[in-house]
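So this first bit is one chain, no partners, the form predicted on its own, shown in structure tokens.
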């Protein structure tokens, strides 16, 4: 079975890896000059920066072992101090001042306010109902910013954070396993080394933008038995408009993504605090979140230097991600001086932009995904962050699941697989 995988990000590479493992013949088409999509790493002037995510919270054992990167896995080192910018102040999390501002006494009564989590309920509305106005609003802002760079009033509580629904069904959102911070990991040469290693084992055509797909399935003038669309929903809509207009309409409605820009800055080490980073719960700063990579990971900055990464833009303030490099850098540096007492000017600057950065799972997300997939023609599958989760492990699983569905449904499976 010959399969065209459109998109060489982690969803597409994972789909191709799964197809190859089942005896199929996948060909990956990627418009850019490198694989990985938003997962990439750049080493220059002694700094090692990421194009997108800095840590993965869940394992990818199959892909790590398949690429021989097991010895490259590194975990963040302490201190893992986190700060929250709230009501104009920077407070350590957890700390008594933060707990006071969060209205913890009301939050502890949460089980008394247990009600079913409705399908259409936004994140902030759900958490305010459960935890009270102060604690609920703060928790929603931190969760939305930290995972989606999102707006807590426009994210689905159930679909953006599935564990909330699972816990709510048990009567309290405090029940169930807690996220293990020690489970965070990266790779010694950056997360970008994973897609590079995967691509080396696959047939990947870089710099090849697919403009048109013909049912049957024809891609770039070649005949295939199936197609996996591992691209953003907007791109999938354009590719399917000509032969599946109802599917294209479904993919054009309700699937949104927030623009983000990452600003990497190199400073002298003695001017930068040590810790994990800071979240802006107010939505007042240019940087939604600020990470301190060189404090946690080896080899991220030259000796005596420190690396900071500010994530800007998002759903609440997309205009900030569209500032010029100079304007964006100046605003971020000014804020760092005010909020984290950083001194001096950066000696290294790198800005990375993602116009369609992070998909935003609005209320009704799951039914929208189901409706879109119900309109797929035989031999066509969807995969990626737009549908099944925005974390890299979720995206990889989405690609593998799309490959599995394609193989199961293929009438040629018995002959070629």
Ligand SMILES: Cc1cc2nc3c(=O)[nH]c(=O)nc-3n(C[C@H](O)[C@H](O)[C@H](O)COP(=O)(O)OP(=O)(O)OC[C@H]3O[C@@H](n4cnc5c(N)ncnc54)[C@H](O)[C@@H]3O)c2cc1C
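Here the structure is a predicted model, which is why all the values come from computation and not from measurement. Residue numbers count along the first chain shown, from 1.
From this point on, the text means the form predicted together with this ligand, which you will not see here.
- Picking from 227-235, 131-139, 317-325, 279-287 the stretch near this ligand in the predicted bound form, with a 4.5 Å limit on heavy atoms, gives 227-235.
- Proximity to this ligand in the predicted bound form, defined as a heavy atom within 4.5 Å, holds among 63, 48, 382, 390 only for 390.
- This chain lacks the partner; the member of 339, 269, 193, 208 within 4.5 angstroms of this ligand in the predicted bound form by a non-hydrogen atom is 208.
- With a 4.5 Å cutoff on heavy atoms, residue 4 does not count as touching this ligand in the predicted bound form; it lies far away.
- Contact annotation for residue 354: at least one heavy atom lies within 4.5 Å of this ligand in the predicted bound form.
- Put simply, residue 39 is close to this ligand in the predicted bound form: some heavy atom of it is within 4.5 Å.
- For the chain shown alone, residue 52 is a contact residue for this ligand in the predicted bound form, at least one non-hydrogen atom being within 4.5 angstroms.
- If you take 1-29 and check each residue for a heavy atom within 4.5 Å of this ligand in the predicted bound form, you get 6, 7, 8, 9, 10, 11, 12, 29, in sequence order.
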